[in-house]
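This document starts with one chain, in the form predicted alone, laid out as structure tokens.
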């Protein structure tokens, strides 16, 4: 990497390029000198790299803005190109809905304004363009209020620029910026308050008749900006290096910034029903998601020295680093540790990362990414961050009963993986009290599931060794041992044992699947019945494939036809799943993998899995183990992924068809033109060009036409598969919700009557904590004592209902894009007027469909 590149990239860091010292003025001077020397030779490369760094390292934007301001004094044309490129980039981002690029581009322009590169009035024009679009969207008469998420995003972009340039705007054009602020205040008065129902990490089931309505993200940011304004726009978290060069920068030329245009708002549906409104609202929130939902898991004393606006800015830094450096976790951790702020922020950093890990409906990246970042941060800050992470775990554990079910699963997967990278070391004695809790208590289930996941990542004896300080917890470890093969000895049914041995010999003798089918049809099923045939085949083949995952795949590939022959319908497939569950009863992981593979080979349908999960023998386990939910989630994910893959293939084929049509049309046109030409052959005029060329053109036209037809046929084939997949998908989700309805209705009425959770008293009140006890609890957490003073008092029936409703909401939210197209049918057949209000609330909150719509 050339020196100017490394200087631009590492500016503001304690790096070797700058002698390991952080001094913003020295850094800017050194970088400016190197860039100015190379500008004549590498102008285009410098421009591209500088803009790339400004976009992907936005926490350094004030430094890049000052550098560009100094370059503006030397080379106005170069800086004019930067402004033009930024204008084009912002417009492209607005057109494509690239939220991060819009936000960062506007911050970059704000800093360029501070460095006298663009006029303050140009920035205000951008603000007013976005404000006008936002106000139109939420206008009941002219707009489409279902797309408020886009309007809120525009307002957030404006407000989030002000920590970087509010002081300069107020100083230079006070009336114009005041006009913008009044416009934002007017917007806030007409927009709808955004509820976090369905997307909140914590359920707040213990808050009865909650009178205080918390601010949503936009309202909260507005109040922080108001506080900043009252504090004369002073804050510690945004460096202002341009002030070091203020006397020089005022001499620079301020460039014009072209106008930007916001996309036209989507048309309001002709029939604006509740479902149409909800569907468009869901689409808008998907395209313009909220970046963060604060957890606030630590006590206020951890961040009490921060101004509200400083907290917001540091969150922005952290979220930017996580987003733009997601492909380089080491660099990501290094940047998160070295943010340009003069105060410590370990607790805020932990809260922000956990807020992303637990973000609903889904985090920006796979949870494994955040796991790796936390591991790297623990290694980068060994004296501070591990203790902060441990504190976060304890805080979340204390509130595990309120945690959304999907978030609880993510937390289990993260925590077990995290511990596996640190020798499974954890002070388990702190949580030994969970053994005194009932088996359905969320804290006990959490510890049980974490230990199960640890065994999957290591081995049983290793995990047992890690809990030596609390040997009683061995009770929560999964069973030790391998498969439970029904025919391992001849103690049971002699006939079935003999048949199993015979089948085993056939497999070892390399008999084909056809041979085994003939043997079953002629010698086994007519005499012993289908149940015995199924049991013998499944148990024996699973035993042969139990040595490893590869053995299982080999057995399914060679003898899958045998299983398909004896399990042709849902009823027999349910029996098949039961046999798998029985065989692997000591291993939840092997059960899930085997069923998933069988579904992959089309030996088990997703409908059969749903019906098996909701079978009478399983429903009583819904609140005490995640084993069944894991299998159901795998089945839904596989179905969802198939449809997603088909969508991508169809999209690609549509483009290929258009391209093939164009190529074929070009080839046909060339042939037609050639045929119209006249040539002289033996002195006589003849239609057509040289015969050899004509032959080549005809051949090319035929081939391109064949390719067009072939591509179109492939598209039609995929569209037919997609149509069938959508029908299967509809049947799957109808079956899922009908089964939820069937198991929940009686229990909900029996447990809650017609009440909602807001009116449930008694047990939940016993769990409430007095405010005066909060400080004592915080002290206990600091000392590693998170044991609750009160036992878990929610009864088993109530907990069963809460857990199952939690999964109804989680599934509704996770697969909302596939559920929305079937909502009319779902309401007609399942979520009718007669359903229990808690069931309806769980479905609707997952889909973000509220009563006021």
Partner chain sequence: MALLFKDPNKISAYRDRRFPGTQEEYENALQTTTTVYIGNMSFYTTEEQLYELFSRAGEIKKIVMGLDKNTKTPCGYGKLVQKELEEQRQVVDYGVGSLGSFQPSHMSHNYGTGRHGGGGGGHGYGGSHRHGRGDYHRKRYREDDRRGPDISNRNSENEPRRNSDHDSRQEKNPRFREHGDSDDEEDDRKRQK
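Keep in mind that this is a model prediction, so the values were computed, not measured. Positions refer to the first chain, counted from 1.
What comes next is about the form predicted in complex with its partner chain, which does not appear here.
Remark: residue 840 does not count among the residues lining its partner chain in the model of the complex, judged by a heavy atom distance of 4.5 Å or less. In the model of the complex, its partner chain sits within 4.5 Å of a heavy atom belonging to residue 549.
Under a 4.5 angstroms non-hydrogen atom cutoff, its partner chain in the model of the complex lacks residue 91 among its neighbouring residues.
Although the partner is absent here, residue 453 lies within 4.5 Å of its partner chain in the model of the complex, judged by heavy atoms. Only one segment in the set 392-400, 645-653, 613-621, 287-295 has residues whose heavy atoms sit within 4.5 Å of its partner chain in the model of the complex; it is 645-653. Taking 522, 95, 331, 305 one by one, only a single residue has any non-hydrogen atom within 4.5 Å of its partner chain in the model of the complex, and it is 331. Scanning 600, 529, 753, 438 against its partner chain in the model of the complex with a 4.5 Å heavy atom cut-off leaves one residue, 600. Contact here is defined as any heavy atom lying within 4.5 Å of its partner chain in the model of the complex, and by that definition not a single one of 30, 118 and 260 is a contact residue. Residues of 372-387 lying near its partner chain in the model of the complex, listed in sequence order, are 372, 375, 376, 379, the criterion being any heavy atom within 4.5 Å.
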